[in-house]
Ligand SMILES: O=C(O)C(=O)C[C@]1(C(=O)O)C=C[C@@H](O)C=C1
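In structure tokens, the next block holds one chain alone, the form predicted alone.
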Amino acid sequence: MAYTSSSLHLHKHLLLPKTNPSSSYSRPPPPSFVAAAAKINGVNGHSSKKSPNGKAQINGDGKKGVNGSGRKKAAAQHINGNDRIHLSVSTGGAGGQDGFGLRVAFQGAPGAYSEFAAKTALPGCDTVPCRAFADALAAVDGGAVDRAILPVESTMEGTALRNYDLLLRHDLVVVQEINLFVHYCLLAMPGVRAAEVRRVISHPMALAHCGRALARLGVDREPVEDTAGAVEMLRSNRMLDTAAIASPRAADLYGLDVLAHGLQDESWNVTRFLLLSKPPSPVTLPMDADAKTSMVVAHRGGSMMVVLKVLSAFSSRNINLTKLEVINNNDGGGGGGAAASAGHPVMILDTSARGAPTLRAFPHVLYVDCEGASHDPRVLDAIKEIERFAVFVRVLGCYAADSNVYDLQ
């Protein structure tokens, strides 16, 4: 599928804490990786207090989230000649949900970041590993599991994770969101030293996120299907000249040594996950809930005019947008490689069609997240206005807004 570069992102829940007139905040330079022996206070120097349900949050008070008034100032810790960010941690649950009795499908092997995100969002849930993201969606679509979890965007990659495309092809609804701080570690078989490592394996995105650290190590890089799968491969084959990039919890799960912490090039590395269910949504939100609604708006042409009309529909009703992404098919116009030359449209399952749901093709699509529940009269009016000029509108889900960032430590 071809995408233009004309995307506008409003991911305020993934931004660093805002400054205010009485204080200043500057982002430190990208840090180098920290040897395991020099690790201080958890992830990249992060403190890691636990909430009552065992989850740790970064820069949130359980109510205000990342930019909440309960945020403590970030402090710098000098480690190995580099400034490292210390983030405050507070208590509270991920959306206040209880996962006991629920089965959640995720892509990857046990120990994958998606699995940890699922267990953080729904404490007590049973997780079901799947080979591919499409398999996870098919599992919930077919009733084999209750939920599926998908990573959809990150601070380092934007929405390069095109799992929205998969979501659009299924009759599923978004019922929850969670933001997870992704901390990469270098893992090896017990007793293996860093100087003995000749190759590093992991998911292609993890390898890309840790490019500078791997360049300093001078090792070969080999992509595999996922981070936890790399750890599983390392352990099962007893590879003594190879290390894997994965989470610190994966090291505990598979009994491996952590050679280095914080390999990621950017110290602030957050991924947003969405939890999906079959409709109707099993989550009921009270009228006064801090909610978010996600939708997709499809049209045939005049992209800029449609964007302006969508913005007007929400701004005229004083509704804030937290995401607006414009996807345009290039029709083979170049700049996007083989996918662009193929000119594939965006396929969306029309669940409102008479009879069986039907897949429809659209050249232009807008992904929109707005503040407010889908049953809020203002949001309803905005959607009705958009439906008058757009070819197709589908609400992807209404769920509790959770701007906290959760840590694995």
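All residue numbers are counted from 1 along the displayed sequence. A quick note: this is a predicted structure, and the numbers were derived from the prediction, not measured.
The same protein also has a form predicted in complex with this ligand, omitted here; what follows describes it.
Take this ligand as it sits in the predicted complex, overlay the site C-alphas onto this chain, and none of its atoms lands within 2.4 Å of the backbone or a C-beta, so the site here is open.
Residue in contact with this ligand in the predicted complex (any heavy atom within 4.5 Å), chosen from 248, 151, 129, 99: 151. Shown without its partner, this chain lists 203, 278, 261, 119 as candidates; in the predicted complex, only 203 has a non-hydrogen atom within 4.5 angstroms of this ligand.
The three marked residues, 179, 268 and 406, fail to reach this ligand in the predicted complex, with no heavy atom of any inside 4.5 Å. Residues with any non-hydrogen atom within 4.5 angstroms of this ligand in the predicted complex fall in just one of 119-127, 167-175, 181-189, 231-239: 181-189. None of the heavy atoms of residue 314 is located within 4.5 Å of this ligand in the predicted complex. Mapping the unseen interface onto this chain, residue 254 falls outside it, with no heavy atom inside 4.5 Å of this ligand in the predicted complex. Residue 293 falls outside the set of residues with a heavy atom inside 4.5 Å of this ligand in the predicted complex. Taking the partner from elsewhere, residue 299 is found to have every heavy atom lying beyond 4.5 Å of this ligand in the predicted complex. Contacts between stretch 110-147 and this ligand, counted in the predicted complex as any heavy atom lying within 4.5 Å, involve 112, 113, 114, 133, listed in sequence order.
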